[in-house]
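Take a look at this single chain, the form predicted on its own, given in structure tokens.
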């Protein structure tokens, strides 16, 4: 499999994407905002469509800008509805997700019906197409990985602190809104560069499941991230291998299936799971 240049590019791309999703997904999990990734993933579709309508070409920079704007708009919409109503968070998330995704589908259908010459492939953003990853895409994903890792090294402790004691950060003069904005920005960047590989529908799963796997084995943030990374990388290898062995098999869905398998294993055997089949006792 590694002798194929195309397959190797796809493998590197999905592994880097899994690393990004696991890291930023863990910090969203700590804040109990895992479903926010699902909302953002669905909300970037109208941004992609609007960017295409304005430029009538699939230039990544413009698509990224459009996706970023509507992704950030969905986050601010959630915050606005929270302040303006007494609705539960799950209800608000459902409303915002439905609105933005519905708008995206309307715009995508309009583009397809207009017969634009460059519109072919836009529907891949829904379910993803990892086989279409190019070396230029890998460079973009790697750039996001570098930004993410550097940010975590510098601000990782603040990301943990805002999840457990945001009042303390405010007392020592650190803006919690700024920290939250940085986390949201990293989340949107990660999702935007990853949807081409696994699609809008599945990108949230790669951000939500690995932290859940890590938590079933440990309560320490560093170990949660490490275990989540191992599970996501293993699932990426499984997904790429199956799609390489069976060319008609999609890579993204198989990655998610692999993650679900790791989750079920962790649910049964994880040291922090109440369903663990065995328990390792310290002597």
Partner chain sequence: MSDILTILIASLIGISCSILGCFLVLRRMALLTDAISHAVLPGIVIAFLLSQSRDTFFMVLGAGTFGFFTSFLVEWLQQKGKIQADASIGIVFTFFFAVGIILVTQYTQEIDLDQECVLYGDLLHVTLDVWLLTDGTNLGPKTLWLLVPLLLIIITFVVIFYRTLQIITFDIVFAQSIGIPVALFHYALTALVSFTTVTSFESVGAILVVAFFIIPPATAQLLAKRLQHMIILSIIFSIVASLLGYYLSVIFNSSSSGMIVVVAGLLFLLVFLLAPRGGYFNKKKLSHAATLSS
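Model, not experiment: these values are computed from the prediction. Positions refer to the first chain, counted from 1.
Another form, the form predicted in complex with the partner chain, is not on view; read the next lines as being about it.
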| property | result |
| --- | --- |
| Which of 99 to 107, 154 to 162, 131 to 139, 170 to 178 sits within 4.5 Å of the partner chain in the model of the complex, heavy atom basis | 99 to 107 |
| Candidate site 10, 52 and 237: all three near the partner chain in the model of the complex by heavy atom within 4.5 Å | no |
| Interface residue in the model of the complex among 72, 144, 205, 183, criterion: non-hydrogen atom within 4.5 angstroms of the partner chain | 205 |
| Proximity of residue 149 to the partner chain in the model of the complex, heavy atoms at 4.5 Å | no |
| Contact test in the model of the complex: residue 226 vs the partner chain, heavy atoms, 4.5 Å | no |
| Partner contact for residue 80 in the model of the complex: the partner chain, 4.5 angstroms, heavy atom | yes |
| Residue 249: touches the partner chain in the model of the complex, heavy atom cutoff 4.5 angstroms | yes |
| Stretch 30 to 68: residues contacting the partner chain in the model of the complex, 4.5 Å heavy atom cut-off | 32, 33, 34, 35, 38, 42 |
